[in-house]
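We begin with a single chain expressed as structure tokens, specifically the form predicted alone.
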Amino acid sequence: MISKKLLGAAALSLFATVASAAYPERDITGTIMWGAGGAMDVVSRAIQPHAEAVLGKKIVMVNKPGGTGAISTNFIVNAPADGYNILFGAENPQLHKVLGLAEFDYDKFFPVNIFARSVGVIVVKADAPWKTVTELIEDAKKRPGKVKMAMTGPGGLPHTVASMMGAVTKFNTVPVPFDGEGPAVTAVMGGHADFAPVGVGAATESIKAGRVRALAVVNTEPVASLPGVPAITKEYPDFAKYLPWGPFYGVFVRKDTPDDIKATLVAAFKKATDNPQFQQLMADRGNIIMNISGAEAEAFLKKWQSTTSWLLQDVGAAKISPEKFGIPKP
């Protein structure tokens, strides 16, 4: 005979299954890791309507920048694992441990979808005197403490690319912090910073409009969306050992979210990423479509973490060795 206690547990389990099967029953909150106008913000808001069309509910987008992504990841980790709080995040959490920013990375999350990845580009104000990366770096060497670089915090694209530049060229600049790549580009336009390494996606429109000038893409080859902009390896071949490298954009939920809710979100965002309008936008902004989820996305995250963590360790930018966290060398 089944006890009332066991019957109650079974009823609760059945209720939970039925409840999650109806997901989503209300609007979803999408927390964007970085500030308005940056690459993560643009990509997130571009895919939002296509995912909404599949899910049949609104995704209410909220920017929650700070702590190089730690504020938003901590918020989602502490939110209910019910699929109604999802994280639109970039690469930064994969470096939180080695940078001493948080005790967890994406190991506490399930990657619903990694939409796309990008490459970096070094931009200066349109009327800046430097026409090449070499001119910028040589001037910074001659005037130590005078050339200002827009930054978005430890582990972000500007910080990592700056680490590469420091390792290859042995130059130092004055970092000026901003809440996202969009504000960093704006700072360069306004003369509040002399240059910024940012994602191609965050700067493409400003480059095309003539508000900033691109000196080089942080890649071994030029990118189609920025014709005429050279690869940084043309001037500094030693960059090749760190490349290809770049930011990525995805959507995540807590790992302990029910499997059927995960499956619903995976299907919705896969279809959203396949949308021709979204794919064209990514191509126009110099991003490479990935559209991966689950185990494939987790393998990508681990490889990216290994490469980047040990880069920061090798150039002295990591606060804690990747070895302590069992992050293997690439």
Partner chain sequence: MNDLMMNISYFGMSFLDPYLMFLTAAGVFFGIYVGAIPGLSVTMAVSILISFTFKWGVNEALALIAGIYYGGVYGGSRSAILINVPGAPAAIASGLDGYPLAKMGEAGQAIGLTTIMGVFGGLIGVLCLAVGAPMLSDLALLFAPRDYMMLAIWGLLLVGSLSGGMMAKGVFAGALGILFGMVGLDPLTAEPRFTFGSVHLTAGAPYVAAMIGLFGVSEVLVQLHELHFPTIKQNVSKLFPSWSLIKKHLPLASRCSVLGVIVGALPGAGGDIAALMAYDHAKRTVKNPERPFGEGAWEGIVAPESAAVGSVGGCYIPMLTLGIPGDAVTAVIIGALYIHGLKPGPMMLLETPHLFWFTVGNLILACIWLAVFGFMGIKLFAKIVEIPKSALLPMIVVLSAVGSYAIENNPVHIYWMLGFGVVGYFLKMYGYQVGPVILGIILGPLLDSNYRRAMISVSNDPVEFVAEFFTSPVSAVLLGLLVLTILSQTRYWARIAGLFKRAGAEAAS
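Numbering follows the first chain given and starts at 1. All values derive from a computational prediction rather than experimental measurement.
Only in words, not in the display: the form predicted in complex with the partner chain, which the text now covers.
Taking non-hydrogen atoms only, Leu281 approaches the partner chain to within 4.5 angstroms in the model of the complex.
At the 4.5 Å threshold, heavy atoms of Lys271 stay clear of the partner chain in the model of the complex, well away from it. Put simply, Ala263 is far from the partner chain in the model of the complex: not one heavy atom of it is within 4.5 Å. In the model of the complex, no heavy atom of Asn85 sits within 4.5 Å of the partner chain. Look at 226 to 234, 213 to 221, 111 to 119, 176 to 184: in the model of the complex, residues with non-hydrogen atoms within 4.5 angstroms of the partner chain sit in 176 to 184. Checked against the partner chain in the model of the complex, the residues Lys141, Lys241, His192, Lys255 give one hit for a heavy atom within 4.5 Å, which is His192. Although the partner is absent from the chain shown here, Arg45, Thr68 and Leu101 each have a heavy atom within 4.5 Å of the partner chain in the model of the complex. Of all the residues from 300 to 320, the single one having a non-hydrogen atom no more than 4.5 Å from the partner chain in the model of the complex is Lys319.
Note: Asp41-His192 Cα separation is 3 Å or more longer in the model of the complex than here.
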